[in-house]
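The chain below stands alone and is given in structure tokens; this is the form predicted alone.
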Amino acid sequence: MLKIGITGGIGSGKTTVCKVFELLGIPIFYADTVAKLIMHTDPVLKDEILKTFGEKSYSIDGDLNRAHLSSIVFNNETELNKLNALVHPAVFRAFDKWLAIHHDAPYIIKEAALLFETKSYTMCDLSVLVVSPEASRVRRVIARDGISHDELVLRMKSQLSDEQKMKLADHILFNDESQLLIPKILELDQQFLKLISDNDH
């Protein structure tokens, strides 16, 4: 099975791209959504978070105390790296289980904001980078998440630049509103299916 990684900076439109692939019947593993979920459900991860960040990390009912964790890791790269070092392996475990369920698909997609930063692109056969002008990204994210411009800039700085990612990506989709995106996605779908077909012969 062909494994495709899709990534892009915050507000680049990578989720929109994935939704189009989903309409084509391709299973999508949304790594960032899964990461939030397993912090509530993975007993190994919960135990590690409690040991690392203290018993205030979860309520008596076992719910994640996001405010407590955020207060520790926000603007503290060392503490954020500690949290990521716990969460990322748990996401990889969840991905392996998910793959087993979707083994009949022609190919699957893993959507992850930190595909290159976490080196998880090495677990994929190909990678796709969605690139969008910074002004468009800022406009989209502030409208979508209601966060301040300063907080957004901090988030952007925590990721590799588009220039760095472009050196690592196998395919690049430009979401700059000057060209139609869907035909390019359909073209990629055909390329992936042809690659699978060629490998089967």
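Here the structure is a predicted model, which means the values were calculated and not measured. Counting begins at 1, following the sequence as shown.
FYI, the form predicted in complex with a small molecule isn't displayed, but the following is about it.
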### Task
Check whether K56 has any heavy atom within 4.5 Å of a heavy atom of the small molecule in the predicted complex, and answer yes or no.
no
### Task
Give a yes/no on whether R144 approaches the small molecule to within 4.5 Å in the predicted complex, heavy atoms considered.
yes
### Task
State yes or no: in the predicted complex, is some non-hydrogen atom of R140 no more than 4.5 angstroms from a non-hydrogen atom of the small molecule?
yes
### Task
Consider E177 of the chain shown here, and say whether it contacts the small molecule in the predicted complex, taking contact as heavy atoms within 4.5 Å.
yes
